[in-house]
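The data below hold one chain only, encoded as structure tokens and taken in the form predicted on its own.
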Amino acid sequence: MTNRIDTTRLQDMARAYTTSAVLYTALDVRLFTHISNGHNSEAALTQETGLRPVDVDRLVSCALSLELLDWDGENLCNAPDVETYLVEGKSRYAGAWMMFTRPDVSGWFQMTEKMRQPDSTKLGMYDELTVESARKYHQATASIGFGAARRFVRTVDLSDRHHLLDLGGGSGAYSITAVETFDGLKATVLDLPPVVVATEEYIADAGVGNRVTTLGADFTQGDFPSPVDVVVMASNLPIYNSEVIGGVVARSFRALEPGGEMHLIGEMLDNDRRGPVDAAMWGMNELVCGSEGRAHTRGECEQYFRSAGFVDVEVTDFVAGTLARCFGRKP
């Protein structure tokens, strides 16, 4: 018996935007925070949100159907991941990150026009970056960045390293976490001049200003500070095209001391380009943002390293299905 082909999968894809819209609205009205705080009936939610009862009914029905909410007897409760990450005031709150790409929504529905009339630059949205927009950007991304940095220091032993160069380090999450973890390690965060103003605020808050410094520059050009014995470039891979990434890796190789290492962490496609979806979508996001970036495969990243002269090159999962880590050592 052959499987019957129908339109279900395609219909789900065509209406996937509705799922995002429900999540955004739930965050707008603090639905999950209210429920966590004990306002766990529709009557209580109507009072707390100021919405009409019919709209609370609609929103709750959607959230239940999407498994964002569940029932605890006759009361509503948050799903475990929602309770952990989407309740305001909790230490792992990631609502700002969930909302991070919301301003880009209209651009995703203009992709056809953008492809037919391309208007892109090497840096895309970063061409217009200001100190205030950099602060806002990293307020949204810092919680995720520090989580990834904690995973990095659990995965990679830098106890024998002395100076880390953090390319496009943003909030400084990797540098701050690394020097807090490994005694004797110092770090330099190299990012655009408006960004490092915000970076220095995170460094000051962490109290590591004596071990983490910043350098305001465009890391897609020019030589890097040297000597360093470890280079990290994390979570900005799809922003750039192959020429830029290859150049960054080559200049990192030159800046490293013999025996030094580089880690490129980002959304990488499998070599057959059939996934992960997230990597492909971050590549497409660069059309929306106006850069020349694209999604890179694991094999391409390995080749950037080998072409630069790195040995012992390998790509491993960093966050399965989301992020991969390409490693190389300078002979």
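A quick note: this is a predicted structure, and the numbers were derived from the prediction, not measured. In this text, residue numbers run from 1 along the sequence as written.
Keep in mind that the form predicted in complex with a small molecule is missing from the display, and what follows is about it.
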- prompt: Hey, of 237 to 245, 85 to 93, 201 to 209, 252 to 260, which bit sits against the small molecule in the predicted complex at 4.5 Å between non-hydrogen atoms?
  reply: 237 to 245
task: Determine whether any heavy atom of V195 comes within 4.5 Å of a heavy atom of the small molecule in the predicted complex, and answer yes or no.
output: yes
- prompt: Is T220 close enough to touch the small molecule in the predicted complex, meaning at least one heavy atom pair within 4.5 Å?
  reply: yes
- request: Spell out, yes or no, whether the shortest heavy atom distance between S133 and the small molecule in the predicted complex is within 4.5 Å.
  value: no
message: Can you tell me if H138 lies within 4.5 angstroms of the small molecule in the predicted complex, counting non-hydrogen atoms only?
response: yes
statement: Heavy atom within 4.5 Å of the small molecule in the predicted complex, from candidates L123, L76, L185, V230, belongs to L123
field: Non-hydrogen atom within 4.5 angstroms of the small molecule in the predicted complex for each of M268, G299 and Y304
entry: no
